[in-house]
Each structure stands twice: as C-alpha cells, then as structure tokens.
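This document starts with two versions of one protein chain, written out as structure tokens and named structure 1 and structure 2.
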Structure 1
C-alpha cells in the first residue's frame, strides 16, 4: 500500500486528518496424526482499517485488499458516511506523543526450528504419550504453530508507530479409556527454544491430567473452601475483566461504578495492567489509537485504584486515556480493553495452598462463561470440574458440579494467591487463588 498516496489524496479530498491502521498476521502450522504429518498450512493476512475526520465526523473503511487504484472510490464512500453520523463524541486522530517512553523489548529469546526438528518433536511427543499408560488410547490432537503479528499506525499528523510479536506454541491432546469411560485433556505450551524444552514433563502433565478425569463423580451441594487453579482463575478473571473499563463504568453498567478508592477485593489481591510486560508474547508499546502504554496498578491490596480508558471513555469522564484503547480485530472499533493484565502471584505453591485449605475443592476448568454470568451485577453460575482435597491432599476427581455466587463478593473472600502465574500466550493471566467459601451445587 502506498500510504503517502492515500494521505495526500485524503488531504486533497478535504479530510481534516486521516489514519491508516494495518494489522499483519502470518502463521505456519504443522498438524501430526497417527505417526505422520497430517497437514502443513501457511497463511498470511494483512488487514487495513482507514479512519478519517470529515466535517468533524469520524468515518472509517476496512479491507484486506491493498488496492491503490481504489483510493478515489474509497474516499468518496467515506465522505458519504459523514452525513449519516449523529454521534456527538469529539472525533480525534492523534499526533505523535512527545512524552512517550522508549519502546520496551520482549525478553523472549526465540530460536526457530526447521521443519525436520518440528516433525521429530511431534513424532516423539506422540510416542511418549501413547507409551505413558495403557489407558491412554489415542493422541487426539497434536500441533505446532509459529505465528507473527504486527500493527502499524500511520497518519497525516506524523504518527508512525509499529509493534511486532512472535510466538511458538505446542498443543497436544490425549484420550484415555477405562471400563468404557472416555476422557480427554489438552495442554499447550509456549516454547522459546526446543533445546530447553522438557518433553517428558510436558507429556507427564498432559497424561496425568487426562487419567485423573477417569472415575470423576459429583459431590453433595453445599459451601466449600475452594481453590480456582490458575487456568480456571484466568478464565473467570478474564470474563469479568470489563468491570475495569471506563466505557462501562462511565455508563454505570459495571459493578465497580463509583468505587474508585474503595476496597472491592480481598487485600491479598493485587491487579496490574502492563501492556509493556516483557514476559508476554503480546508486548504493546502503544494502543490502537497510538497512545503510549504504561504499567498501571488497577487494584492495590484489594482497593480499586485505576479505571482503564480509551480516548473516548476518558473524554466522557473528563480524564486522560490510560493507553487501553484496543481493537478486537483490525476491522473492529476501538474499545477499552486490558492488556497483559494479571493478578500478581504470591509465594505459595498449589500444593501448599491445598495443605492450608485442608478439605475443599480445586476447580480446574469452567464452562458456560458466555452465558453463565452477568457483567452488570457480577452474578455468575458456571459448570465446572476439578478434584476434592482431603486433609490437604488431592483425593478423587469431581465433575458435574456448578459454582455460583457474586464475583465481587467472592473476590472479597480470597485468602491466598499462588505462585503459579503462567502467561502462556494470554493477555490476561492469573495464578491459582484460594477462597474461604463458595457455593457448589452437585448431587
């Protein structure tokens, strides 16, 4: 795309300012099944989103085609949009920010394997899984993916911003059968360098998680001490992460509306939003509006301290953007989103947390997150599975149960955060968190 051509044409058309946002995604995927390479797929997509201010109205256009010959047609269509827009929000495209900090760099040290190394890895993982236990009957899924993502913002006011990220991910699934009962489990791991990858440890975790699901039963309904294991806690926290959004708080539809400065969680809970975190695979030096990002304490020892903002939500609440204006895709509108947001880990292992809990339930997986929670009130009711803990030790597996309550009320009863924060390829992550009590529905 000849960006200067588009910027010049927009200026001649009468646009007060004009922006070109481009997102690039490239992926290489090896899928393995039954002793051989099942498929090898490469793909790359560049999405372009145009924004312009015409007659003080923000208009836009999105495409996956880089066609400079369409510049007149596209700009004409954007001009016509302006007459149909009724929003009173101020339309703003930003110049470069002079006080922006120096860009942060990832601490990840990627060593890219060649095709032969990937095939050998997948072959060995499959053999190790199948040899682990007679009950493991099948490797249901086995895949290696390499992906590159980048974003660029170029506008008529001099903004030239770019971020690039990369990740290598191994995903495997195993199925176990015992007395006619079939259970499966999946495990993914971000691998910087195959030379340091513990294949045996990966296979053991996957297979033990799969075998542990066999023979799972429900439990009597009641109040239980509960630990949400890191994966389950991440799912729940991510589902409710929009409670920190200035867009929702400004409209009064977040349970945290009007609660800045108040204790909303237990004092053991600290929440940080850090788009520049160098331990993640999605390091962001600027948001999708071009605002520089920064580390922010959102909840400090249980006290809600920082509302997350895009430029629009900030303007509505007479404050400044926190650099949290992000898109869900190149073609979507900017919304307030946390980025590399986490509950800070504590010092105790999951085993130590179980020992302190004594008797209770560890929840390892949640289901129904899209339908089983209310973002306005914080109420939730979710199917889940996990295992019983008796006398501080893991007992039998548990399934067909439901955990229910109010998210803020539950978070106020948190008693400990574990040391097992694992970012994987997530932009929201949590360690395991123990709670004094949760309502469990079962038998």
Structure 2
C-alpha cells in the first residue's frame, strides 16, 4: 500500500485527519492425530483499517485488498458515511505523543523449533498421554501453533508507531472412559524453548485432571462455600471485564456506572491493568489508537478507582484516554478493552485455601459464558464442574451443576485471592479466589 498516496488523497478530499492502521498476522499450526500429522495450516494475512475525520465525524473502512486504485471510491464511501452519522461524539485522531514513556521490552527469548522438532514433540506427547493410564482412551486434541502479529499505525498528523509480537503454544486434550462415562480435559502451555519443556509434567497434569473428572456426579441444590480455581476465575472475570469500560459506563449500561470511589468488591480484591506487563505474551506499549499505555490500579482493596477509556469514551465523560482503545480485530471499531489485566495474587496456595474452606466446592471450569450472563445487571447463571472439598481435602468430582448469582454481590463475598496467577497466553488472568457463599443448582 502506498500510504503517502492515501494520506495525500484524503487531505485533498477534505479529511481533517486520516489514519492507516495495518495488522499483519502469520501462523503455522500443526495438528496431530492417531500417530501422524493430521493437518498443517500456514497463513499470511495483512488487513488495513482506514479511519478519518470528515466534518467532525469519525468514519471507517477496512479491507484486505491491497489496491491503491480504489482510493477515490473508498474515500467517496467514507465521505458518505460522514453524512449519515448523527452522533454528537467527539472524533479524535491523535498526533504523536512526544512525552510518551520509553517503550517496555519483552523479556521472552523464543527459540523456534523446525517442523521435524514439532512433529517429534507431538508424537512423543501423544504416546505419553496414551500410555499414562488404561482409562485414557484418546488424545482428543493435540496442536502446536506459532503466530506472529504486527501492528503499524500511520496518520496524517505524523504518528508512526509499530510493534511485533510472537508466541508459540502447545495445546493438548485427553479423553478418559470408565464404565461408559466419558470425560475430557485440555491443557495449554506457552513454550519459549523446547529445551526447557517438561513433557512428562505436562502430560501428568493433563491426564490427572482428566482422570479426576471420572465418577463425577451432581450435588443437591443449595448455598455452598466455593473456590473458583484460577482458570475458572479467569474466564468469569474476563467475561465481565467490560464492566470497567468507559464506553459502557458512559452509556449507563454497566453495573459499575456511577460507582467510582465506591467499594464494589471485597477488600481482598485488587485489579491492575498493565498493558506493559512483561509477564504476558503480548506486551502493548500503545493502544490501537496510538495512545501510550500505562499501568493502572482499577480496583484498590475493593474500591473502584479507574474507568478504562478510549478517546471516544473519554470525550463522552469529559476525561482523558487511559490507552485502552483496542480492537478485537483489525477490521472492528476501536472499543474499550482491558489489556494485560489481572486480579493481583495473594499469598496462599489452593491447598491452603481448601483447608481454610473446610467443606465446599472448587469450580475448575465454566461453560456458556457467551450466553449465560447479563452484562447490564451483572446477573449470571453458568454450567460448571469441579470437585467437592470435605474437611479441607479434595473429595469426589462434580458435574452438571450451575453456579448463579450477581457478579458484584459475589465479588463482595470474596474472602481470599490465591497465589496461583498464571498468564499463559491470556491478556486477562486471575488467581484462584474463594467466596463465602454461592448458589449452586444441581439435583
């Protein structure tokens, strides 16, 4: 793409400012099944998103066609969009940030394996899983993925920003069968260098998690003390992470609207959003509007302290962007999203938390998160599974139950955050969290 041509044409057309955002994604995925390479996928895609301010209105057009000859047609379409938009939102395209903090650098040292090494790894993992226990009947999923993502933002005000991220991830699934009952589990691990990878430990964790699910039954409905294990807590916290969004708070459709400065969670809960956190896979020095990112305390000992903002949501609430204007893909509109956001870990292990709980349920997995929660009220009702704890020790597994309640009410009943925060490849993560009481539906 000839960016200068597009910027010049936009200026001549009368655009007050114009931005070219490009995202490049390349991926190699190896899937293994039944002793051989099952599928191999390789890709290379560049997407271009154009944004411009015309008559004070923000307009957008995204394309995967690298076609400079379309410039007149595209700019005409964007001009027509401006005529249709009737919102009073202030449109902002940022100039370069001269006083932006020094960019943080990732400490990851990736050692990329060649195809033969990947195939050997997958072959070995499959053999180890199948040999682990007679009840393990199938490797239900086995995949190695290498992916590269780059962003470039160029605008008519002089902004030139770019970065690149890389990750390689192993994901495996195992299925166990006993007396007609089938249970499965999945495990993923970000692996910087295969030389340091503990294949036996990985297989042991996957298989033990799977075998432990066998014999699971429901429980009588009632109020239980509950611990959400780190993965389950992460999925619930991530599903409700839009409650911190200035876009939703500004529209009055977040349960946290009007509650800055109030105790909204238990005092054991601290939430930090730090896009520059180098423990995560994707370190972001600027958001998708080119605004520098920064570490923020969102919830301080239960008190809601910081609303996350993009330029648009900030303008609506008469404040400044927090550098949280991110897109879900290059083609989507800029929204407000947490980036490398977590509940800060505490000091206790999961075992110590179970000991303190005495009797209760550890929820290890949640399902139906895309449908079973109400983002306006915070109400939720979700299928879950896990295990019972009796006298502080793990008892039988539990399945086909639901956990239900109101997210804010539940977070006020948090009694302890564990020490097991694990980012894996997530941009939102949590340690295990214990709650004084939750409504469980079962038999």
Partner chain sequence: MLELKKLEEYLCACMNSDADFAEIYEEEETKEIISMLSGKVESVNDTVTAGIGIRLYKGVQSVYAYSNSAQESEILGLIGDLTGAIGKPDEAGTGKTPEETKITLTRVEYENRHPARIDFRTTPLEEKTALLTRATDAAMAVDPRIVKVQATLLNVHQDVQIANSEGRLISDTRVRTRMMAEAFAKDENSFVSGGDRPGAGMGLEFFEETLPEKIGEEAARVALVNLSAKDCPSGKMPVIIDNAFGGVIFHEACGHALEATAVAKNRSVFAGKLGQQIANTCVSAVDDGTIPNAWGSENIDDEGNFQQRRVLIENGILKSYMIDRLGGRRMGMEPTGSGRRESYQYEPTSRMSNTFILPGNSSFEEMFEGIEKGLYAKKMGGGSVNPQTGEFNFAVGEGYLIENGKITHPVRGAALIGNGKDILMNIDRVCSNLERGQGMCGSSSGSIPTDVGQPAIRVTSITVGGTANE
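Here the rigid core means the biggest group of C-alpha atoms that line up within 1.5 Å when the two forms are laid on top of each other. Numbering follows the first chain given and starts at 1. All of these numbers come straight from a predicted model, not from anything done at the bench.
The form predicted together with its partner chain appears here as structure 2. Core-superposed comparison between structure 1 and structure 2: the Cα of residue 13 travels 2 Å or more. Residue 57 shows a C-alpha shift of 2 Å or greater between structure 1 and structure 2 [criterion: core-superposed Cα displacement of 2 Å].
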